[in-house]
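Okay, here we've got a single chain as structure tokens, the form predicted alone, with questions on binding and movement later.
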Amino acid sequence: MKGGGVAEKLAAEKQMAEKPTGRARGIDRVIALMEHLHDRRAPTRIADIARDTGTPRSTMYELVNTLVEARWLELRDGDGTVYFGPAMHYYGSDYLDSVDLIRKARVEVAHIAELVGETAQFCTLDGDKYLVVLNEPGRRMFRISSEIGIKVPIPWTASGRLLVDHMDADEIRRFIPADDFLLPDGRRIAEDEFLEDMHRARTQGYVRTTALVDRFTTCLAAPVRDPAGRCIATICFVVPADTTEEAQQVMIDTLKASAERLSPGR
């Protein structure tokens, strides 16, 4: 075979290898379906999922029927919508029980929420975003909390200032998208201000922010660190902004003690 023929054959084989199979496309569509339901956080019409994910309607109905049989999804009677099924709860519970840090954090979060009476959370990073992994409401009638599993820009959060405190200024600028410094109300957090907050938080061993996303809310967070000292998660309280300084200091001490208990090998 001449050189040109060999090159053409290799190019064709590469194209075939890179071309997604029907099974791969099906998996991608299942992932898109699950992500869509998670983002919506509510039962959704199958036709709407098909439209929003760019999936042919007949394909989406076929996928949904298969996943309903597996109990990954369930059809809601009477309104033609679909949502996560009981199997997803069991899988999620298995995951939480399998991760030593999260299993311990569940106990800690419940304990400090009961001890202090305020909403407690366990948070971490997912890529270049912050998210709440565990949330335990406090005893207040009007509770302040964030939804579990929803990705939020790092600069919008107290915890974010701890979760990236191992990075230098250039790494921070490369890691956090520039638009993430823009708050929902249009205010922009100055990068230098964020870096100052980050260094102060690392020195103090905790961070406190007020009126970032909600002007009536203060967030207090302490770092959970690995044996090398890197912040791998945070434990937090979310409280009304008018909470007294004395009460906040008690909460900070509680968080720091809790975070120390959770920090592996420390």
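Keep in mind it's a predicted model, so treat the numbers as computed, not measured. The numbering used is simple: start at 1 and walk along the sequence shown.
Below, we refer to the form predicted together with a further copy of the same chain, which is not included among the displayed structures.
Student: Note which of 75, 148, 101, 189 lies within 4.5 Å of a further copy of the same chain in the model of the complex, where distance is taken over heavy atoms; exactly one does.
Tutor: Spelling it out, the residue with a heavy atom inside the cut-off is 148.
Student: Among 168, 179, 97, 185, which has at least one heavy atom within 4.5 Å of a further copy of the same chain in the model of the complex?
Tutor: By the 4.5 Å criterion, the partner-contacting residue is 97.
Student: Of the listed stretches (196-204, 30-38, 212-220, 46-54), which one has a non-hydrogen atom within 4.5 Å of a further copy of the same chain in the model of the complex?
Tutor: In short, 30-38.
Student: Is every one of 70, 106 and 110 in contact with a further copy of the same chain in the model of the complex, taking contact as a heavy atom within 4.5 Å?
Tutor: The answer is yes: all three residues contact the partner (heavy atom, 4.5 Å cut-off).
Student: May I ask you to check whether residue 135 falls inside a 4.5 Å heavy atom distance of a further copy of the same chain in the model of the complex?
Tutor: Within the cut-off, so yes.
Student: Can you check whether residue 126 is within 4.5 Å of a further copy of the same chain in the model of the complex, heavy atom basis?
Tutor: Yes.
Student: Is residue 62 part of the interface with a further copy of the same chain in the model of the complex - any heavy atom within 4.5 Å?
Tutor: Looking in the model of the complex, residue contacts with a further copy of the same chain include residue 62, since a heavy atom lies within 4.5 Å.
Student: May I ask you to state whether residue 164 is within 4.5 Å of a further copy of the same chain in the model of the complex, using heavy atom distances?
Tutor: Answer no; every heavy atom of residue 164 is more than 4.5 Å from a further copy of the same chain in the model of the complex.
Student: Taking only heavy atoms into account, state which residues of 84-108 are within 4.5 Å of a further copy of the same chain in the model of the complex, ordered by sequence.
Tutor: The stretch 84-108, when checked against a further copy of the same chain in the model of the complex, contributes 84, 85, 86, 88, 89, 90, 91, 92, 93, 94, 95, 96, 97, 98, 99, 106, 107 at the 4.5 Å heavy-atom cut-off.
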